[in-house]
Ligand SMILES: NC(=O)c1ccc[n+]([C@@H]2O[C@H](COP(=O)([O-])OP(=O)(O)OC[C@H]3O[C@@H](n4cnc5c(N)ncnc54)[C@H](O)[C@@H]3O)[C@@H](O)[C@H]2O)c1
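Next up: just one chain, as structure tokens, the form predicted on its own.
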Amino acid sequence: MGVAVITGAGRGLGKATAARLARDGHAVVALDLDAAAAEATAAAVGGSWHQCDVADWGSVEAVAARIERCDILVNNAGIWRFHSLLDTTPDDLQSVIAVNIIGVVQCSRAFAPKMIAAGGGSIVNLSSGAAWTNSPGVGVYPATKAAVISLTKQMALEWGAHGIRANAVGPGLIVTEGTSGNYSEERKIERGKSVPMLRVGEPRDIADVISFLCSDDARYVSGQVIYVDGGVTAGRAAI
């Protein structure tokens, strides 16, 4: 097994992915802007950790220099600032783009050479079902997640000859620490009615798909996006 570097690993989908990849036998390196959260995840999965601001090239470069090998990179770190476009501030705009787009590019550029040196690897970028569906009041978030899909295809094209596979995962309605405030039990049931499978998702639903994409079972899968959303992007379910 290899070394799996996961950004935004301190909580939510990143934390669940760290746990799953550790169970798969990978040595997990947890990266997060919140050092305490990264350390806690690393302790829970028997891995290592570094504080890292993916939006800051200097921070990414410094962390990458301390990690000798990388076979798997999961670009999970992401933020949202849900406002209408008219209410989106310049700070909102810059921060969401810096983390969700620039962060993916910077981390991939930092760790791809290590994969190339090792003969290949797997990159999984976290997009979102919002890249497909869009919704009023969510600002530039869907656009940044759509950009992640385009970047994923670019990585697959440019680095495929080096043995690197790049894919994206688009989560749907997932209950995590960051979204749990919006999901009382009653709210979960109500939101689940809008999903063809009649439930909202859990972090493990995403982590298991990431595990597949990082495994040899997906050895000929590259440049793809898998929406893990209970069927939401398939269209409107019958009522």
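Residue positions are given as counts along the sequence shown, with the first one as 1. Since the model is a prediction, treat every value here as computed from it, not as a measurement.
This next part talks about the form predicted together with the named molecule, which is not shown.
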ask   = Does G121 reach the named molecule in the predicted bound form, with heavy atoms at most 4.5 Å apart?
value = no
Partner contact for M155 in the predicted bound form: the named molecule, 4.5 angstroms, heavy atom = no
ask   = Can any non-hydrogen atom of I164 be found within 4.5 angstroms of the named molecule in the predicted bound form?
value = no
query = A207: heavy atom within 4.5 Å of the named molecule in the predicted bound form?
reply = no
query = Taking the named molecule in the predicted bound form as the reference, which of A27, V63, A40, L173 has a non-hydrogen atom within 4.5 Å?
reply = L173
request  = Considering the named molecule in the predicted bound form, find the one stretch among 85 to 93, 108 to 116, 71 to 79, 155 to 163 with heavy atoms no farther than 4.5 Å from it.
outcome  = 71 to 79
remark   = Residues in 82 to 111 that come within 4.5 Å of the named molecule in the predicted bound form by at least one heavy atom, in order, are V99
